[in-house]
Ligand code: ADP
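Only one chain is shown below, in C-alpha cells, and it's the form predicted on its own.
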C-alpha cells in the first residue's frame, strides 16, 4: 500500500500576500505532499481586497515561485471554522508562520484550541526568515496608502494592485 499523502493547510487572510507569506509557502512545500493555501473570510477584519482578488493575487504569485513539481499546491477560500475546513480537505497539519514573540502568544492559543477541538490535528510553526520577520500586511497597506516604496515587502504585481486600490479610493 502506498503512503498516504501528507496534506497541510496554510490559512490566512493574505490581504495582501507578502514576501513573508511566500517564504512560508516555499518552506512548507518541504513538509507536505499537498499544500492548501486557505484564504479566509475573516469577520473580525475588513479586508482591502475582496476574497476573489486575494485568491487571484496568490495564484499569480505562485506562478512566479520556484516550487517543487512533486508538491500539489491549491488555493481555496473558506468561511468556516478552520478545523472543519482542514478535515474536509483531508489535511492533518496546519501551517502557521511566526514573526515575533507577540505572534507566538496568539498562535499558541489558537493551536491549543484547534487541538482541543480535533486531537488528530497538528500545528506546525515556521519561524519567518530574518529577511521577512518585520513584514505585516497591515503595515504594507499603510505604506501603500501613503504612497511609499513597496518593493521590500511585496512583488511588483501586488504593489500595482495595492496602488490601484488606493488611487481608486482617493
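These numbers were taken from a predicted model, which means no experiment stands behind them. Residue numbers count along the first chain shown, from 1.
Although it is not shown, the form predicted in complex with the ligand is what the next lines describe.
The closest non-hydrogen atom of residue 98 lies within 4.5 Å of the ligand in the predicted bound form. The ligand in the predicted bound form comes within 4.5 Å of no heavy atom belonging to residue 155. The ligand in the predicted bound form comes within 4.5 Å of no heavy atom belonging to residue 161.
Taking the partner from the other structure, the ligand in the predicted bound form has a heavy atom within 4.5 Å of a heavy atom of residue 128. Exactly one of the stretches 132 to 140, 65 to 73, 29 to 37, 113 to 121 approaches the ligand in the predicted bound form with heavy atoms within 4.5 Å, and it is 132 to 140. Contact annotation for the candidate site: 83, 90 and 92 all lie away from the ligand in the predicted bound form (no heavy atom within 4.5 Å).
Contact residues in stretch 99 to 120 (any heavy atom within 4.5 Å of the ligand, taken in the predicted bound form) are 99, 103, 107.
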